[in-house]
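Shown below, as structure tokens, is a lone chain in the form predicted on its own; questions about how it binds or moves come after it.
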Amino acid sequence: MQSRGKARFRGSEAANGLAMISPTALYATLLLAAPLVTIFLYSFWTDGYLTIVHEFTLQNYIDVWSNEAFRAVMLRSLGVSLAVTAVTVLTAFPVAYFVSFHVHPSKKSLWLFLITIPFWTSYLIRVFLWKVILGYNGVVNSGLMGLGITDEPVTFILYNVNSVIITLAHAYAPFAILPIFVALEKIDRSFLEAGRDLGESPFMTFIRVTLPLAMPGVISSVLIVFIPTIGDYVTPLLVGGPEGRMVANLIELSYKKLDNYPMGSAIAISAMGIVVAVSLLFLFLNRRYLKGGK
């Protein structure tokens, strides 16, 4: 009876599906889960001289959260990521809304094609371009002085948090536009017509109908932008300067220059914990918003 059940399972659709995904699952486990488990274990070990002492300790996490410099970098990374997310999503929504509701269907593909143009160049090249644009003698300062707005180049747009926010917001704009556009495209236009027929103004129709129905796309954009930007390494390194360094730069410092793998691992796990907590908060607020809208 048992052997007959095993034979039936082997020939079932579920068994064929498992056989198809098993190589991918194994590959993902080796490349993703194994490194994460290793970092997690390292965070509870003790750093020795040019070696790692395999003794369980919580001191690494205590040092991370008790050290004022570490906390400052963590809070800066969180603040920068939230600012980038807000700027990117708030600027992406009007673009996605315009393409979805005001562009002729035959031309939407062209607009989406134009939106993806930044992907044609390397991310590193785009960061260097912003470094040139925001530089002391860059396009922005030359334009401001040419228009007579300032007498000398402004310095608050490069090698600080502001330059990091500007560069990251531009880099992740397409990632924010596309999910919102997809959500807007799925909205049944008859719902909007019904709202107008019931006497709602265009603004209230947008607030009560369009925005709640597009909220899954908005939350997707928020998470797509927030999660990678909090751990971005290249942009703070190239355009952030000392004032714009973020948690990824701190992790690199612990690993490579201080040779303190347990401390670097504890910082990385702490940053991942912040990402998970804030992401769950976004999802919870979205659920409350949708329930309130009903």
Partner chain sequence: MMKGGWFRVYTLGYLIFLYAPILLLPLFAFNDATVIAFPLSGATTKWFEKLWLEPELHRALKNSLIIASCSAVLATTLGIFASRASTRYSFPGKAGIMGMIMLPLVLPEIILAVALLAVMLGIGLPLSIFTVILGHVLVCTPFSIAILSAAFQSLDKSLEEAAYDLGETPISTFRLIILPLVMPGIISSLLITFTISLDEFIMAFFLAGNENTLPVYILGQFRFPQNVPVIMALGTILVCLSIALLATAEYFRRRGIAKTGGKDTGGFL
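Computed from a predicted structure; not experimentally measured. Numbering follows the first chain given and starts at 1.
Absent from the display: the form predicted together with its partner chain. The rest refers to it.
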Quiz prompt | Stretch in contact, per heavy atom within 4.5 angstroms of its partner chain in the predicted bound form, of 153 to 161, 191 to 199, 211 to 219, 137 to 145 | solution = 137 to 145
Practice problem: Answer with yes or no whether residue 170 is in contact with its partner chain in the predicted bound form, where contact means some heavy atom within 4.5 Å. | Solution: yes
Practice problem: Check whether residue 252 has any heavy atom within 4.5 Å of a heavy atom of its partner chain in the predicted bound form, and answer yes or no. | Solution: yes
Quiz item: Is residue 203 one of the residues lying within 4.5 Å of its partner chain in the predicted bound form, judged by heavy atom distances?
Solution: no
Quiz item: Taking 4.5 angstroms as the cut-off for heavy atoms, does residue 79 touch its partner chain in the predicted bound form?
Solution: no
Practice problem: Check each of 69, 58, 53, 33 and return the one that places a heavy atom within 4.5 angstroms of its partner chain in the predicted bound form. | Solution: 33
Quiz item: Can you name the residues of 119 to 135 that have a non-hydrogen atom within 4.5 angstroms of its partner chain in the predicted bound form?
Solution: 120, 121, 122, 123, 124, 125, 126, 128, 129, 130, 132, 133
